[in-house]
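One chain comes next, on its own, written out as structure tokens in the form predicted on its own.
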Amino acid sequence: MSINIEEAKSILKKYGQEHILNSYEKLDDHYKKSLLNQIETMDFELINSLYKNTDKKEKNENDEITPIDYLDKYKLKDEYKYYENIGKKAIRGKKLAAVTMAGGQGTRLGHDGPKGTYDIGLDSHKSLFELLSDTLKEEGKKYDVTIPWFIMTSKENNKDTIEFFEKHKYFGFQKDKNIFFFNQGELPMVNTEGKILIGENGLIKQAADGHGGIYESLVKTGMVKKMKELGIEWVFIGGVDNCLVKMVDPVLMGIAIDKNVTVACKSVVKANPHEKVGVFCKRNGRPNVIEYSEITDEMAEARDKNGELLYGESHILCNLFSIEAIERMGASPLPYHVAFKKASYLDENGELVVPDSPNAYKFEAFLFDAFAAVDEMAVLRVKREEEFAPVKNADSVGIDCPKTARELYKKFYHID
């Protein structure tokens, strides 16, 4: 049962957010109920705390940053088969599930719809979802298993995503048996005065809480429970926009199992010392990812005795977790980072305001912040041309765009 209007007013007054009800009387009954429900379930203490921290530096300048050890997949020699056999046994034993983070829209690509429905321009006209589906099914055939596929959507694209899969008969998967959909968490956007924004529909304007919300979403939506019922012990988490992502990698699994770590990640070596990517490191002795803006030129260019960059292992959002690690990481929210974004909203008169410059704070968590909760993790360097073809930008940008991804995909699969 939702709270009534008087109870809502009392809550909002306590937090100085009374404006949220300015357009309440103009809403129909359905939206009135939705707004009251938002107010009832909103963690206003958290929002206040996040706003107060918007002007603080997120990282301690006294943090000790050191290189992290890694393995090069193609320099393992005899160990390659050893790890591979361990991983193959676990995959055949139905211990692996795949999670695809697909909460984004294809707006930057000029695509009206979920990014996963985007056609990168292959002759087959297959969408990103279908390309990932093909890979997952092909790998499953190798091991005579169907690898369960969990897809994280957002409130914005959940309906369109599920309708797309329905239209394509789930690409051969069976809904609620070996393919599952769940929603990413959201947080309100606030203006520079700490006031929560109201969207065009009269409801509180919310934005996805970043890929770091994956753990909490998996737990809260019951997906971890479902995985356990299926006997899953390992979960690969990757993004929808990497058309060469290898969600099933027995070598990576074998390394994680053999080394008794709960997290194993893939990396590609930086294209150059100053490539603008996050890189694996240790922060105060624990695994972490450091943003390119956090390291000095001297650190970026430093090399070891073999000529390899000390900070050269790029985080490509290809990570393997034990089910216990996900459950533990999802028990409470990760730290939130702040981004200053453009966001349209309804003003106090109910008029739509469309800003031409950033005007609002968005709060999001980063998946790799959870790495600090483990003592050790494995990092496996793979080849960029074999496993990393992201589709993030329009072709006009020239990098990580449909054209570059298409070329890498065709080259890898020997498509003329």
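Numbering starts at 1 and runs along the sequence shown. If you're wondering where the values come from, they're calculated on a predicted model, not measured in any experiment.
Same protein, other form: the form predicted together with uridine 5'-triphosphate (UTP), not shown, and the subject of what follows.
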Please pick, from 250, 104, 312, 148, the one residue with any non-hydrogen atom lying within 4.5 angstroms of uridine 5'-triphosphate (UTP) in the predicted bound form. 104
Ok, 137, 328, 89, 211: which has a heavy atom sitting within 4.5 Å of uridine 5'-triphosphate (UTP) in the predicted bound form? 211
Distance check, residue 403 to uridine 5'-triphosphate (UTP) in the predicted bound form, heavy atom within 4.5 Å: no
Using the partner position in the predicted bound form, report whether residue 392 sits within 4.5 Å of uridine 5'-triphosphate (UTP), counting heavy atoms only. yes
Applying a 4.5 Å heavy atom distance criterion, does residue 184 contact uridine 5'-triphosphate (UTP) in the predicted bound form? yes
Would you check, heavy atoms only and a 4.5 Å threshold, whether residue 108 touches uridine 5'-triphosphate (UTP) in the predicted bound form? yes
Non-hydrogen atom within 4.5 angstroms of uridine 5'-triphosphate (UTP) in the predicted bound form for each of 115, 152 and 317: yes
Out of 174-182, 274-282, 237-245, 329-337, where are the residues with a heavy atom within 4.5 Å of uridine 5'-triphosphate (UTP) in the predicted bound form? 237-245
